[in-house]
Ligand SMILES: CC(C)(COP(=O)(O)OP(=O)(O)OC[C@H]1O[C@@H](n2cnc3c(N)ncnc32)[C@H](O)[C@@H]1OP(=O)(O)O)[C@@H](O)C(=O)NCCC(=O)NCCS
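The chain that follows stands alone, in the form predicted on its own, written as C-alpha cells.
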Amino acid sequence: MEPVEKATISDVGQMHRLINYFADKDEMLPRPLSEIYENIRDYFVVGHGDRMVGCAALHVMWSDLAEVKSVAVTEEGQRQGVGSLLVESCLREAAEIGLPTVFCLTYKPAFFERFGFSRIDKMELPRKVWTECYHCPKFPDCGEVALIYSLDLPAAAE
C-alpha cells in the first residue's frame, strides 16, 4: 500500500476528476477546481505509481472545529483500507494542531461511524451551514448526514 502524503499542485487535476466522478454519481458533493487549488494544503493523497488512488481533506473551520471532506477512493482502490488511511491521517493532523472536534457531512455515514463519529443534526454546525452549505445549490436538502468526532486532547495550558 502506498503511503499517505500531503497533496501537491501536480495532484490537483487527478483529485478534481476523482471527487467529481463520485459527485456525478450523487455519492458526494462536487468541488470546483479553484476550490481544490485554494485549499491544497488541506488535502492528503494516496497514490499508486503515477495514478492517484484516493484523497481527503482536513479543513479548519474555527479554533475548535475542522471538517473531514472530499474523501474519495477509486473504485478499484476501495475496500483495501485507503479510505481508512486517509481519514486516520486527517484525524491525526487535527490532534497534532490541537483541534478538539472534527465533523463531516456525508452520504456514507456508516463509513465514518467505524472511526467513532456520531450522528448529529446539521444545525448543530451553524458555522458550516451558514458559511458554506447556504451557498450550495442543494441547500437545504442535500441529503448529507452530519457526524461529529471528539478528539481526546490534553487541556490547553493557561
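The first residue of the shown sequence is 1; numbering continues from there. These figures come from a predicted structure and were not determined experimentally.
Same protein, other form: the form predicted together with this ligand, not shown, and the subject of what follows.
Student: Could you tell me if T106 has a non-hydrogen atom within 4.5 Å of this ligand in the model of the complex?
Tutor: Yes, T106 sits close enough to this ligand in the model of the complex that at least one of its heavy atoms falls within 4.5 Å.
Student: Does R114 make contact with this ligand in the model of the complex, using a 4.5 Å heavy atom cut-off?
Tutor: R114: contacts this ligand in the model of the complex.
Student: Applying a 4.5 Å heavy atom distance criterion, does E27 contact this ligand in the model of the complex?
Tutor: E27 belongs to the contact set for this ligand.
Student: Closest heavy atom of F22 to this ligand in the model of the complex, within 4.5 Å or not?
Tutor: The answer is yes: F22 has a heavy atom within 4.5 Å of this ligand.
Student: Given a 4.5 Å distance limit between heavy atoms, list every residue of 78-97 close to this ligand in the model of the complex, or none if there are none.
Tutor: Residues within 4.5 Å: Q78, R79, Q80, G81, V82, G83, S84.
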